[in-house]
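Shown below, as C-alpha cells, is a lone chain in the form predicted on its own; questions about how it binds or moves come after it.
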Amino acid sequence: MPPDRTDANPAALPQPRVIPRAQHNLTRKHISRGALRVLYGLHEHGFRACLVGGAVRDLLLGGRPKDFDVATNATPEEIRKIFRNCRLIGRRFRLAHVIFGPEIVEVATFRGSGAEGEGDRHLVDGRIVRDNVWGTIEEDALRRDFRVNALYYDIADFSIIDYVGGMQDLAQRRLHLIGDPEQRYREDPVRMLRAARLAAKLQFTIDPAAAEPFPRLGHLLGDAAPARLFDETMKLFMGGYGLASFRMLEHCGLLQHLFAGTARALARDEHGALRNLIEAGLAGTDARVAEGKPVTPAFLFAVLLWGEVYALARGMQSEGIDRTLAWQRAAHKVMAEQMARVAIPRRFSYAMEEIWALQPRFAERSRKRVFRLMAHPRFRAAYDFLLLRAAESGELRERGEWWTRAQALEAEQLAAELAQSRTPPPPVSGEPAAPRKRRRRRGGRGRKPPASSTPDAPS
C-alpha cells in the first residue's frame, strides 16, 4: 500500500465508523460499469479506492445517481499511468477524468489539511483559489462540505466508512456543514447555494448553524466566477426539483444574490401574478424532467427575468420612449445585469430575447403572419410562455386558447377561418409592439397602389 501523502497528527483526525456490507443497502449492481472498472483497477494496483460523495449518499437513500466520483490515495499522475483513457484536468483542483465512451468517472486524490501556502494550496481573502495538497482519507473527509457527502464505499470490502456522522444525518434528513460554517462559506461561497440545492433535492432541513451565516455572507456570491454560478444554476433549476430549489433560495435569502432582478420584481408583485408565472414555469420544467422530455435553460431564464423586463419596458414607455425600442432596451439592460452575475451563454440569451419579442405577435391574426409565426423556430417556447402568462388577464387567456386551437387545425381549415376575420385583436397594454414593415409603393408619388394580392399560403 502506498504511504500517506502527509504527516497528519492521528490524534486530531476523526475515528471511522465502519458499516459492513451486511448492514447497509448499497449494492454494486447500481454502480456504473465505468466506476467499477476504476475502483477495481486502482485496488488491483495497490491503491485505496472508494466511491464517495453524492453517489454514495443517493444510493443509500434509494436513488439512482447518474454520476459517480472516486477518491483514492493515488496521485493524478499515478492514475494516468493505470488508465490509458485518462486525462488530467483543473488547476484549482487537480482531477483525473477516466473516460468510458459517454461516461466520465471523476477521480480525486485524497485532499490534505495543509495550511495556506503549504505545498500547492493558496487562499485569497479567505477563498480557496488552489488546493492540490494530498493527504489521508481522514483528512479528505474533513475537507468535504456536508456530512452526508463524506461517506465512502470501500471497494476492498464493500463497507461504508463514516468519519463525520453522515449516516446519522441521512437518518435524520438534516444537512450539517463540516467545520465552522462562516469559514467554510468564506473559503467557497458557492457552498451556500449547494446547501439550498441539496436541501431542496433531498427534502432535508438545513442545520441552523449552517443556515445562520446566509444573511451576512450571501453577498460573497458576487465574488464567485459567473461561469461557475451558471453551472450551479443549472443544477438548481434543471435537475427536476427546480420549484423546490427556487423556494429554498428565497427562504435562505440567497435569491437576491443570484437573480437580483427577479427578487426586485417579486417584491413589487402585490397580487402574486409574477410568482404564479415563475412557479408554474418551474413546475412545468420539473414535470418534463420527470418524464424524460427535453428542457431548455432559455425558457426558464426567460420566465425568471420576465417581471423585471416588463417593469423596465413599461417605465420607459411612460417616459415617451417608443414601445418597441423600450422593450429592446429593457431586455438588453436586464440581460447585461444578469450575465454579470450568472454567465448565461449567448445561445440561451438570444433565445430568451426571441421568446420575449414573439409575445406581441400572438395578437396578430392575419393569415400570413399566423403561419409565419407557427413556422418560427422559437414558436413552441414562445407559445408555452404565452400559456404561462394566460392567468394575467382574460384577454391573454383567450389568446392562448385561440393559438391552442389553431395548432390543432389542418392548414386549410386554419387558412379558411383566418380569411373570415382579417382584423387582429389589439395588443395587451404594455406589451412590446411588433415592428411594422412599411409597404413599398410601386411607381412615383401620387400613383394609386395596385390592389392587394392574395395572402401568401403557409410554407
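These numbers come from a predicted model, not from an experiment. The first residue of the shown sequence is 1; numbering continues from there.
Although not depicted, the form predicted together with adenosine-5'-triphosphate (ATP) is the subject of the following passage.
In the predicted complex, no heavy atom of Gly400 sits within 4.5 Å of adenosine-5'-triphosphate (ATP). Within this chain, Arg197 lines the site of adenosine-5'-triphosphate (ATP) in the predicted complex, having a heavy atom no more than 4.5 Å away. The shortest heavy atom separation between Asp207 and adenosine-5'-triphosphate (ATP) in the predicted complex exceeds 4.5 Å. Within 4.5 Å of any heavy atom of adenosine-5'-triphosphate (ATP) in the predicted complex lies no heavy atom of Arg361. Comparing 327 to 335, 144 to 152, 212 to 220, 296 to 304 against adenosine-5'-triphosphate (ATP) in the predicted complex, the single stretch with non-hydrogen atoms within 4.5 angstroms of it is 144 to 152. Interface residue among Lys368, Arg264, Lys81, Lys235 relative to adenosine-5'-triphosphate (ATP) in the predicted complex, by the heavy atom within 4.5 Å criterion: Lys235. This chain lacks the partner; the member of Arg228, Arg173, Arg247, Arg275 within 4.5 angstroms of adenosine-5'-triphosphate (ATP) in the predicted complex by a non-hydrogen atom is Arg228. Applying a 4.5 Å heavy atom cutoff to adenosine-5'-triphosphate (ATP) in the predicted complex picks out Arg57, Asp58, Asp67, Asp69 from 57 to 83, in order along the sequence.
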